[in-house]
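What follows is a single chain, given as structure tokens, in the form predicted on its own.
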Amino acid sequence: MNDPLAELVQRAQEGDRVALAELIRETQGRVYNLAYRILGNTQEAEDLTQEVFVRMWRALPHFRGDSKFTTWLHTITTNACLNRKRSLRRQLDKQFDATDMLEMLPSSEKGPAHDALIQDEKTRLWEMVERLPEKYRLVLTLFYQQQLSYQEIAHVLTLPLGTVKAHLNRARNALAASLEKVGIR
């Protein structure tokens, strides 16, 4: 398997702290972006990114190289994010009633930076993606933003390849229908 990070991974597995730091530097943007796409919260994504790298460091001696390092890291990130979402949901259910939750929702008013970004077609498109069911958001994010192959997505999500292709096709169709409703083609 042709993995551009293979040498860094091997050196990090052998205890080279400089290689470990470089490996983190090379992958931290991808981990954060994926965490943010799944969690939708900057602070949670930052916290989870740190947690993922601690998990990676602990599990690194067991990484065998059966897949690309980034695919393995995406698996760790995706699982950690989904676990975190479940945990947050349980915490909210226990701590707050519906009235309290409504008061916690963020204001619909956006700052000037957001207003500038909203003009960008890419931002509008990803906003539409956020309205899709989670399984569709996840495959679209992994395929288009993280640029994983079908096989890598299947590995990360532990789904059959055909299911990944079906989810991606349904996600594209759902996104196209949503875009058509708002007059974007």
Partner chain sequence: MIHCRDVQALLPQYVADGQPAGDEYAIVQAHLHACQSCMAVVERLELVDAGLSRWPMQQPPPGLTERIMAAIDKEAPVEAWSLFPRSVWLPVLTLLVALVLAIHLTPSVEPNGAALYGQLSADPSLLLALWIGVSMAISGVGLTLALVHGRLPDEEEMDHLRHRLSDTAHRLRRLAGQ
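Please read these numbers as outputs of a predicted model, since none were measured by experiment. Positions refer to the first chain, counted from 1.
The same protein has a further form, the form predicted together with its partner chain, not shown here; the description that follows concerns it.
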Original post:
Looking in the predicted bound form, any heavy atom of A35 within 4.5 Å of its partner chain?
Top reply: no
Original post:
Should N83 be counted as a contact of its partner chain in the predicted bound form, where contact means heavy atoms within 4.5 Å?
Top reply: yes
Original post:
Does its partner chain come within 4.5 Å of any heavy atom of Q10 in the predicted bound form?
Top reply: no
Subject >> 4.5 angstroms heavy atom contact with its partner chain in the predicted bound form for E46 >> reply: yes
**OP:** Heavy atoms within 4.5 Å of its partner chain in the predicted bound form is the criterion; list the residues of 3 to 42 that meet it.
**Re:** R17, L20, A21, I24, R25, Q28, G29, R30, Y32, N33, Y36, R37
